[in-house]
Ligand SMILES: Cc1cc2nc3c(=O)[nH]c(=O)nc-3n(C[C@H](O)[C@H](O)[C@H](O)COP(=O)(O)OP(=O)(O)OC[C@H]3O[C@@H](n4cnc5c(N)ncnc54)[C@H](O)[C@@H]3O)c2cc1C
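A single chain, nothing else alongside it, follows as structure tokens in the form predicted alone.
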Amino acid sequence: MDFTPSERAAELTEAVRAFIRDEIEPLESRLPRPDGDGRWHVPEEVRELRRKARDQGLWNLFLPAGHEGQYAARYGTRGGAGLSNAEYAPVAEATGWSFLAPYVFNCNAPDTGNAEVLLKYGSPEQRDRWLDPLLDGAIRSAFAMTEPGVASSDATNMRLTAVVDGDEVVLDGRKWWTTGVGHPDCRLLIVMGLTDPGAHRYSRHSMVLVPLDTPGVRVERMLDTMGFFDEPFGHGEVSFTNVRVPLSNVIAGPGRAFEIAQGRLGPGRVHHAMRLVGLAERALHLACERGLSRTAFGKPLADLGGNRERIADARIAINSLRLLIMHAAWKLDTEGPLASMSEVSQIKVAAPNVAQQVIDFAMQIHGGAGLSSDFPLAHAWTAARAIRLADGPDEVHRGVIARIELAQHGATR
């Protein structure tokens, strides 16, 4: 296998890095941190950056090879014919340097995953109504899977019902950690619901497109993650009371939620993991700058308390993680999601843990400043910690890895 980036991927990665350095980073330090309802507002300066990124073709770069069709040309991405997972991985890493960057490039979760679901599984009518405006940047979307009343680490536990009633689907129940629902442009929810309790456990659930303004849909509250609200996207608790949508809003047909989820989550975890590499790189960069610019007890901080060894360990860990993710991306491209389950679970466990460790060191070397919002480190640490639960907790993925490993030695499930 060869992880040398293609000419196209290398050009895009450099263009993304330059845009972040020249346009996004200078804005980050100037943006105020709003409170209350002001959180759920997109500053005009950010919207202007999105327009500028789109004009430069740095837009929808996540579009996957083989599924982009007319959309790459229509929405002007320099990705051209669509990128493989291995080609997009360094681009995703570059965007991980800044919390704003994925949104500025129209490459942020959960919209990327939702767009890929519509690309791969959506009907022409569903793509016309929802995918076009998503890729155009006119709307945002949210993903509603996790529930407050069950152990959501086992997705077969989901209890919100999505019952077929003639030519409609009726949804009743409650979701939480519905990512993206706080954005002022959010118009669409992809909701996982229980359709047929008597079917095979992996054929009981459906994915349903629910417009946010449908009667019976109510955002009950926005949830903070260890004090951070991830504005302007956020994570909400959403109730569904006798919510009726057309049967045509079911994606790919009733009972196919698990198939869709697996198709959605494989590439998405590569995106998450590589953004975490970028986040860890920024944390190490800040740690080195701080370590060389501050002096204590007559020495630069970098020369105190084993900090040089910690810097070296961080570099080794980041470089090792990058190679692990590139291998998973390569295997997804060459052998598909089913053959790559172990590799995808490996990066899901490794990436947030490595990032969290590197960020923790950077926070420590910054002292009290590392705990404040004056630097991006506290938010970065919280994001890395949260991803150890998002898309499945570490323990579930370790179980997948161990099951596949032991099967090679004759163990049964």
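The first residue of the sequence shown is number 1, and the count goes up from there. Predicted, not measured: the structure shown is a model, and the values here were computed from it.
The form predicted together with the named molecule is left out here; the points below concern that form.
Within 4.5 Å of the named molecule in the model of the complex, a heavy atom is found for not a single one of G268, A329 and L338. Remark: H235 counts among the residues lining the named molecule in the model of the complex, judged by a heavy atom distance of 4.5 Å or less.
Mapping the unseen interface onto this chain, L49 falls outside it, with no heavy atom inside 4.5 Å of the named molecule in the model of the complex. Mapping the unseen interface onto this chain, E23 falls outside it, with no heavy atom inside 4.5 Å of the named molecule in the model of the complex. The closest non-hydrogen atom of E395 lies within 4.5 Å of the named molecule in the model of the complex. With the partner omitted here, the residue from W130, F143, W97, F240 that has a non-hydrogen atom within 4.5 angstroms of the named molecule in the model of the complex is F143. Of the residues given (A390, A9, I401, A15), A390 alone sits with a heavy atom within 4.5 Å of the named molecule in the model of the complex. Listed stretches are 367-375, 352-360, 382-390, 39-47; the contact stretch with the named molecule in the model of the complex is 382-390, by a heavy atom cutoff of 4.5 Å.
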